[in-house]
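Before any questions on binding or motion, here is one chain by itself as structure tokens, the form predicted on its own.
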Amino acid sequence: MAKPLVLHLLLLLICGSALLSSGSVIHPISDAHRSAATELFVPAADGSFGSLEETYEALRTFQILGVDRSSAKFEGTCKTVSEKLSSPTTTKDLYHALKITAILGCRTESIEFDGITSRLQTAVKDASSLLELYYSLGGLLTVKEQGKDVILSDADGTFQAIKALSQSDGRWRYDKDSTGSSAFAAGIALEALASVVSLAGSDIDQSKIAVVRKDITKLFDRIKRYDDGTLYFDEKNVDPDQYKGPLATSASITSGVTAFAAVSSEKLNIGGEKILGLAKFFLSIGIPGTAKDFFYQINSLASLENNRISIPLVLSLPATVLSLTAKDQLKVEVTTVFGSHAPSLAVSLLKVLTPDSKEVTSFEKKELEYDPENRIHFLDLSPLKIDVGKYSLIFKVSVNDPEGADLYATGDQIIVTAFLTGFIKVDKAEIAVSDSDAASESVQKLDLSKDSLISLSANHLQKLRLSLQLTTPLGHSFKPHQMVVKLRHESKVEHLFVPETSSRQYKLVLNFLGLVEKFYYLSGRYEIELAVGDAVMENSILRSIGSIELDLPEAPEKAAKPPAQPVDPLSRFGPKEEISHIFRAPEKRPPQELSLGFMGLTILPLLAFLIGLLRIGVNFKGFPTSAVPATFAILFHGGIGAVLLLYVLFWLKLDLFTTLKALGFLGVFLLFVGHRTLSYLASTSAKQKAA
């Protein structure tokens, strides 16, 4: 039973690997991300998520995704943040506390914003590193966004101080003493510069802003790309402790560039295809596994969702596996990175390419129809005469409004992999046994749509031939990913064979004379099983087609032995062999009367003892009269009686171990009370002799 299951799983693995080989499909942010956010960011009892930075990242993620973040739910967080704002703290904590206050809408009556502003202004003047400037300026901008009047003193000087840390290749240093530069620091610097422009009392010199725009252009010249148009940034030649990775670096630059573009009077010279490539990079990650990476992804995509450079539009297919049998339509969605509706646009299918990059000649450019109710572009595949297979679909997205074309990034050509599946027809399936000289042949037709089984017989001088044709819905010859014929002996020894293709036909010829050693000279019944599987084949085959009785010669002395068959791991859970046991006959015992008589004889000494006591007479003159000695004497005699009672219970019902355990406790008890009793008697006797 396990072997067919393994073969079935093998076919599923083949189909699945073919589907996955096309790469991950890009989809906009969905409810899956919202669900993942609540699992990655789990608040403590007071509503916090750890440090102020971690709490801000969690709440910012919830804010972007629209997850509930009501102030009542995080009342404890508001109280903690309010206390933090009222006490001396670092500019980093001050920045995150202000951000949290703004996100939660905490009550700000008790917050001294004038004092906070003064502290941050001083921090800007005294800052010696890029991060100190970033947090100080970000805090001031947050205060201003809450309706407070904030103007940065010496904005030009601060702008120049940040710009002094830039390098010729568009990267930035973290401070004046740093020997290396960082792309991650470039994103921080650009966001800090955007804050300076927003906080300046007067316009910043446009020549300085123009220099920064050139730096951004140089920075984007360092961008890396994949073959599918996905773009990302990564660090190069940085200290190991400063390396952030592609996701963090790309997120920092994206946030910084979009923030600077928002305050720049002129549009940045960044092509829309680069913005779209960055969006594809963030979306291709799927759902990150850590809270930090999840924040980087969501915050960056939020920056791209509505920016002044180009708003990326993402083309996605709700289904990449389309059935020709069910007449599925090709459906395409074009949205922003968060799934918002795109403007009026046209989607065209330019080309259809086969896996070897050959163009399907029967296809001509088609513009997809638009369903305004479901906001989906669709195309009927039936009239296109495209056969089953794996294809690369090349789309072109065009915004209908010429004025809005510069606002959106749609890309030049968008390539999406899709699978067209269908029912594969099996023709001319037959199996035959023939002599080695092919003089005679007995042929049987196979109908694989039914459960009929064939029965054959052959010897080592004959051959077995199996042949069939596979045809696609359009009548073309079909070549599956996998076709296997399995022969399984009664002893569970299996042999796999792969048919060869020739002139649109699959054929397998087994010459038993050359296979006797491979078959280990095992005569007997062999089950014949056929497996045909493919990712685009809706009617994959895995079934037994019959059996063949083989008569092979006797094995020579030095012939190889069949391999030991693996034990089915599930067999240990099956019923076990019943254990039959015969108890030996009980030994012959004496009559009951004899046993009772013997018991009476053992009791006679006890009776004699009791009679002797009565004859001699018993007195209690030596028994202690004082309360304490009398108590110990009574306990001593009671303990002796308990030991005698224990012997009786052992005889009647107790086992040896229980009796010894109880006897041990009684022995200790008797030792104690007996010693006290005998000590008293010895003392009394000594006094009497002395008197």
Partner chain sequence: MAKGTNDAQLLIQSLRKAYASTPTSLKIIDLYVVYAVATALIQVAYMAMVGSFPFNSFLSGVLSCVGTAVLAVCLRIQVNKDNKEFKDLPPERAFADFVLCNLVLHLVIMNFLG
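In this text, the rigid core denotes the largest set of C-alpha atoms whose superposition between the two forms falls within 1.5 Å. Numbering follows the first chain given and starts at 1. Just so we're clear, the structure is a prediction, and the values are computed from it rather than from any experiment.
What follows is about the form predicted together with its partner chain, which we do not show.
- Among heavy atoms of L681, some come within 4.5 Å of its partner chain in the predicted complex.
- A44 falls outside the set of residues with a heavy atom inside 4.5 Å of its partner chain in the predicted complex.
- A residue is said to contact a partner when one of its heavy atoms sits within 4.5 Å of a partner heavy atom; S595 meets this definition for its partner chain in the predicted complex.
- In the predicted complex, at least one heavy atom of S685 sits within 4.5 Å of a heavy atom of its partner chain.
- Shown alone, this chain has one stretch from 608 to 616, 149 to 157, 265 to 273, 534 to 542 that lies within 4.5 Å of its partner chain in the predicted complex by heavy atoms: 608 to 616.
- The candidate site formed by A429, I431 and V443 is entirely out of contact with its partner chain in the predicted complex, as no residue has a non-hydrogen atom within 4.5 angstroms of it.
- Checked against its partner chain in the predicted complex, the candidates E578, E587, D227, E554 yield a single residue with a heavy atom inside 4.5 Å, and that residue is E587.
- When its partner chain is considered in the predicted complex, only one residue from L461, A164, L601, L474 comes within 4.5 Å through any heavy atom, namely L601.
- Interface residues of 647 to 680, taken as those with a heavy atom within 4.5 Å of its partner chain in the predicted complex (partner not displayed): Y647, V648, F650, W651, L656, T659, L660, L663, L670, L678, in sequence order.
- T659 is among the residues whose C-alpha shifts by 2 Å or more between the shown form and the other one once the rigid core is aligned.
- Comparing the forms between the shown form and the other one on their rigid core, the Cα displacement of P402 stays under 2 Å.
- Once both forms are fitted on their rigid core, the CA atom of G289 lies less than 2 Å apart between the shown form and the other one.
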